[in-house]
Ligand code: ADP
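The form predicted on its own is given below as one chain in structure tokens.
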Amino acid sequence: MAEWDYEVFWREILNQMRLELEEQEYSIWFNSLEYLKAGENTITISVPSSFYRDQVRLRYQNRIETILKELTGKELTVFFEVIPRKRGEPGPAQTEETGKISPEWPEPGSNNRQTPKTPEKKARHPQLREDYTFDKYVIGENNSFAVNAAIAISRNPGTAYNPFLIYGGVGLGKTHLMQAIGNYIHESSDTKIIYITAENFLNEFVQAISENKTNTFKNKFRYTDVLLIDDIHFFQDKPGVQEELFHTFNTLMDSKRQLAFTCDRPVSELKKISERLMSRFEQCLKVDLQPPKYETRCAILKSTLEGQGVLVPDEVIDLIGKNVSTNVRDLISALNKLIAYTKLMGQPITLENTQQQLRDVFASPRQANMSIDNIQRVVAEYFSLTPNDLKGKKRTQNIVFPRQLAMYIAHEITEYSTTELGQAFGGRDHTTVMHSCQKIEDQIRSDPTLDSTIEILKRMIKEYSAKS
């Protein structure tokens, strides 16, 4: 064995990780890694893209280094070097650019690199955004499970996690993740893919009826290989299109075709959806996207800046990351506003002009540190109660009303789902939260003074959160 040749230990690491992980998880993350080189105290592993590099670092680096120490008796550091590989390419390209994820990469340690000539680049899918790919989707604790599932689906459409449903608030990346599935499948196969919003699905259905072309409509959607429908909450209270979707759903599932949906809430919170269509949605693997944490927000900002040729100091990234916490859309919107201002005014981006130009964004109540604990504390103190009263089981009127008010305000100014809010209020069901919100809305209509009380509480919560 050469002086610093640790390849035999890398093969043993792969064997141990295969035993520790589920087959699907191992296949996703380890089949695309290859031993590259070693130094006295380092091992370098090639990864096909920055997406893989970041994920393997986050998930497995500590475990890999622990196994290495057990095998060698030495403290070794593992480095991951991005070496993109295109489909059909005979070897790793010498570039640091982000590569595409490809199912045709060789197994780790394989010497068989004789593959067909690289095919011509495929034309983009007309219904999918070209930039909505896995490589451009920044991963954090808020979405890692959803991304894992999406990658597994894209590698084996119709078999792994079918049907699939992504839900969460606005601007959290649901459409990006679902279209990344479509883009990956489109690039790696000749599979027929349809991406459509729920609104356009309804519009096409209505047009087909008016033009007496319902069979054409049915054939279009029932004979595709992959059907991606965005914003299924739009189907609420529309029984005709629900009936059509129910039969389309059944046809595609019976023929093992992939279905994926997005929704702005858990499907259990959808209203006026037929029972049998609801039962189909409940069959889905349901994954929840939450607002990104600080570290992920900073990573998103840096990723967005790549290739733009704009210099943004780290202190500005830090400032935006700390003050814009609602969703990815708001985060990028704030960054774009800042970039537009500095370009138009011909000024460099500094901490001072960032604070000036984004002051309205930072002052938004939805951007403050609106934790549920803070809301409970402020509302409880306002009504001379304790947070435990709001989370407890007592149902006296002096407690029930403040509890409902706290739930309503939390639902208004945070991105938490009703399921999460119910858990935070003593493990209650999400329907209790929905009922409480409805009760407060009804009271606002009959008692205008309640609205001013709510605004006072929101201001107090914002002030308290700013200090915490």
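From 1 onward, residues are counted along the sequence shown. All figures in this text were calculated on a predicted structure; none of them were measured in a lab.
The form predicted in complex with adenosine-5'-diphosphate (ADP) is left out here; the points below concern that form.
Residues with any non-hydrogen atom within 4.5 angstroms of adenosine-5'-diphosphate (ADP) in the predicted bound form fall in just one of 155-163, 323-331, 373-381, 309-317: 323-331.
Site annotation in the predicted bound form: the residue of R280, K213, H125, K136 reaching within 4.5 Å of adenosine-5'-diphosphate (ADP) with a heavy atom is K136. A single residue from the set N183, T248, N143, T354 has any heavy atom within 4.5 angstroms of adenosine-5'-diphosphate (ADP) in the predicted bound form; that residue is N143. The closest non-hydrogen atom of P291 lies beyond 4.5 Å of adenosine-5'-diphosphate (ADP) in the predicted bound form. Looking at I349, you'd find every heavy atom of it more than 4.5 angstroms from adenosine-5'-diphosphate (ADP) in the predicted bound form.
Heavy atoms of I300 reach within 4.5 Å of adenosine-5'-diphosphate (ADP) in the predicted bound form, making it an interface residue. Remark: L172 counts among the residues lining adenosine-5'-diphosphate (ADP) in the predicted bound form, judged by a heavy atom distance of 4.5 Å or less. The pair F51 and K302 is tighter in the predicted bound form: their Cα-Cα distance falls by no less than 3 Å compared with this form. Figure legend: C-alpha atoms of G169 and R459, shown here, are separated by at least 3 angstroms less in the predicted bound form.
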